[in-house]
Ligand code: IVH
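Only one chain is given next, in structure tokens, and it is the form predicted alone.
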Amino acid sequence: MAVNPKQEIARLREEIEHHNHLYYILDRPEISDAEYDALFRRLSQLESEHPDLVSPDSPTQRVGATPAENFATICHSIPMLSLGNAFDEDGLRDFDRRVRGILQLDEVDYVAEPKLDGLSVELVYRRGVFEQGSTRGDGRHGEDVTANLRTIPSIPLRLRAHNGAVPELLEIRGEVYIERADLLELNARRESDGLPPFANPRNLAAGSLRQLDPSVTAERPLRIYCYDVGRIEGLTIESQAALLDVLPRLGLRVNPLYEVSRGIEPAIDFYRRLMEEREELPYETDGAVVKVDDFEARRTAGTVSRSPRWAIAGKFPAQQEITRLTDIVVSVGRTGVLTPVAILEPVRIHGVEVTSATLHNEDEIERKGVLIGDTVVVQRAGDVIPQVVKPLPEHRTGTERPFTMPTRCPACGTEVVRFEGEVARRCVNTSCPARFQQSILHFIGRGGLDVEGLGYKLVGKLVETGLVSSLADLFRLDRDALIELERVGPKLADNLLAALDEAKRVPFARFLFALGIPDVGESAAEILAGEFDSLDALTEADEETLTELPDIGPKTAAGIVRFFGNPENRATIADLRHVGLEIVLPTVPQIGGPLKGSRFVFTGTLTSMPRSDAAERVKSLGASVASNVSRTTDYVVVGENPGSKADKASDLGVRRLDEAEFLALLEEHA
């Protein structure tokens, strides 16, 4: 029985949104990533075959907008007010007295929720479909960032039905934020690339949502918690507790860490517990928001100036301490970036002893005016990484001295460089022992070869003793030599050698990530492994070829070309192959079909479908897809703004197809 495309598309959208809800809202996935990807690919294929059936609320349309020249201004139908602050428990009690006086009640029901450090936004749904999203702005006017908000997976493009229906209109307020671990990982990558780190979650959320190119926003691991409502039509909600119960039923994510309290004292208990447990939370919170639960009571309480009388932010005391900065040393990372680190007199910050703190780079030291010997304010940025906030000049004795960034690498003595446009200085010696140790840890880490049993200290011993002076030396390790190392017994040596032997067969994408190519993370490595049919083909690719790949920008492409153009890197790869490391290429099932044996290359932009979908279409008909044009290429599909591949096809006599001819070919063989 023939499949009805419209019904199949509707079924796939419903199934994908169901799994999105389980994953992003309920944190209870039922299928594997591979199964989810298969559903998504099938939907993309059907929509590319039937473009008239594509709708804005389809899961495939999250990143489909072109970069904007600027943001339009949105007028909020109901102002998004800021909150007044209470800085201690007595401040919360004063708030309660004011509210009870206004409402003329002896006791008031409150809802207490964590206050997240992100960016407030408004989402507008009409008849259940996400129509518009904007920033808070000045409270009355915000910026239209609809295209960027659509890229956030936890924001549904279509609401789920509640009691058999969706509201005619729903204006939802929420906080876009980033989890602590994601911020640290993102900042680590930026610093290794010589880019300034994001100062805090709010800066990252704000900067990400104000990107003119939605694809940049899509690369940032943003999330949302919804907490308030503007206008509602077709749904009655009478309290904050009811709102937080209904929103997840509609598919909107709310923070499960909230409490309804009778009177202010239980809300203060929540504030106190939250302050004690904040380190265990995955996100940054700087306080608790306490709100009157009943919406009718809120309307009675009203607002004052720019803040509601019915809500307040109970702020936590800052997690900062004062200590002495005794020295500044420089660490060398895997990519050669030199990072100044403050050595501190030990100080406890929120239960953790801190003895050192990052200073990021020399520009940051100069901006803050930090001197060696200064008394400084230290905080745990994101409640995790110690950071020098500022010096206290009033405590200076005259013995303090300025820090000078070394002109030579402290680990190997090589003269350091500072590339144009970068804030970091780098050691460019690929044989630098400090760089090499970090490179080994990256190479055998979880995203790379994933070798169990090799930690920082043991890698340091292997490098220090000369047992490992190249990546390939890992696979030349001798059992007896390992046993001679301190705290390495026969069992550990045997386990380590077995793990290394098992790691010799490594998937192409993991190998690319393990090499530590600049800007090539796990996602980019997967793209490269899927586009090139061998490592040799990738090493010969030029920048123009690479930038035509999805999500590979000019900077990444240039870094890839530089990496493979370096004779030392080529020698390292050859040595790894010599010791038996086998790169396992992705297995592509051979599909019979009318285009079986044909080889396609795509260049330029297609208007009817993404190039990735076009590639899947021809693969489904039995063809293969390559990234480079050669004499073995059968067709070069030329879209808008093509690269040099189009000219190369003409030079080699390879048949060129414009988009109309390509679509006709698909139709002919469908």
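Only a predicted model underlies this, so the values are computations on that prediction, with no experimental measurement involved. Counting begins at 1, following the sequence as shown.
There is another form of the same protein, the form predicted in complex with this ligand; it is not shown, and what comes next is about it.
Here the chain stands alone, but in the predicted complex its contact with this ligand, taken as any heavy atom within 4.5 Å, falls in 114-122 among 367-375, 540-548, 231-239, 114-122. At a distance threshold of 4.5 angstroms between non-hydrogen atoms, L83 is in contact with this ligand in the predicted complex.
Within this chain, E531 is remote from the site of this ligand in the predicted complex, having no heavy atom within 4.5 Å. The closest non-hydrogen atom of I560 lies beyond 4.5 Å of this ligand in the predicted complex.
Contact annotation for V289: at least one heavy atom lies within 4.5 Å of this ligand in the predicted complex.
For the candidate set F443, F436, F270, Y227, a heavy atom within 4.5 Å of this ligand in the predicted complex is found for exactly one residue, namely Y227. Note on contacts: among P248, P308, G142, G91, the single residue with a heavy atom within 4.5 Å of this ligand in the predicted complex is P308. In the predicted complex, no residue of 273-287 lies within 4.5 Å of this ligand by any heavy atom.
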